[in-house]
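Take a look at this single chain in structure tokens; it is the form predicted on its own.
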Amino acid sequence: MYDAPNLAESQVTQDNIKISARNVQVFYADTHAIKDVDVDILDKTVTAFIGPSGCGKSTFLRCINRMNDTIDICKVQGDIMLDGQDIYDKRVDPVQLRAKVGMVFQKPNPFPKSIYDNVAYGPRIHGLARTKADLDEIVEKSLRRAALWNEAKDRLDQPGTGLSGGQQQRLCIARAVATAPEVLLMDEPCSALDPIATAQVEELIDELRQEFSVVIVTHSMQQAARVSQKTAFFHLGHLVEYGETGQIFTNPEDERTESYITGRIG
């Protein structure tokens, strides 16, 4: 099952809180989609967001890198801090924020470019490589981090869309980590993959938490139990319960959490 580090609540300090959200509300026009969410997401930890479809978990995930800014009718209120900085401050450039907070989507979405150019895209636009040698190094390192280098190193000039589904998703992970982010958001990254590719991505998530704060939305409670150390349960726009993954799954405090985990709601 999951591999939870020994992280007692008393050990959680300001030093390892990566993202802090307080009183977050999200509205789509007149629909109140997220209500009063308070949560501290830790560094170098996998945090899973679980809950029924339409409960707000993906909406809240998209708040963390301001993807909701792209939706005209969406309004976000409250405070979301990354390393103590308000990410919704008017002085924060969303493009620069998204370099620090990478995102991997449900369906693999490689650009219609070569494998090399998919990974090099972010470092190029953010000016992270001064020379071609620098860029080559970033591409190789990113593909290695995504456990794709050995499969892709002899075909870097071939289209990313020519890879298998699981390889495409790992390419998207390589693309996300190429800008040296600090947080990696994953919105149901395995839902379009077969079981073997899912296992590869899950193994990769476990490795990535050595370097990043990883937040994953998943419809699979088994996956949340396998990959995360912290779990947040959302229901009807509320964050109902948040804690150690082992506790959430074996001894939840809220009866709504227990009802969802035992299959009575959801």
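Heads up: residue numbers just count along the shown sequence, starting at 1. Quick caveat, the model's predicted, so the values are computed rather than measured.
Not on display, but discussed next: the form predicted together with a small molecule.
Asker: Which residue, Thr45, Gln223, Ser58, Asn65, has a heavy atom that falls within 4.5 Å of the small molecule in the model of the complex?
Answerer: Only one option qualifies, and that one is Ser58.
Asker: Are any of the heavy atoms in Ser53 no more than 4.5 Å from a heavy atom of the small molecule in the model of the complex?
Answerer: Ser53: yes, in contact with the small molecule in the model of the complex.
Asker: Give a yes/no on whether Ile71 approaches the small molecule to within 4.5 Å in the model of the complex, heavy atoms considered.
Answerer: Yes, Ile71 lies within 4.5 Å of the small molecule in the model of the complex.
Asker: Applying a 4.5 Å heavy atom distance criterion, does Ala33 contact the small molecule in the model of the complex?
Answerer: Although the small molecule is absent here, Ala33 would touch it in the model of the complex, with heavy atoms inside 4.5 Å.
Asker: Which of these stretches, 121-129, 144-152, 71-79, 170-178, has heavy atoms within 4.5 Å of the small molecule in the model of the complex?
Answerer: That would be 71-79.
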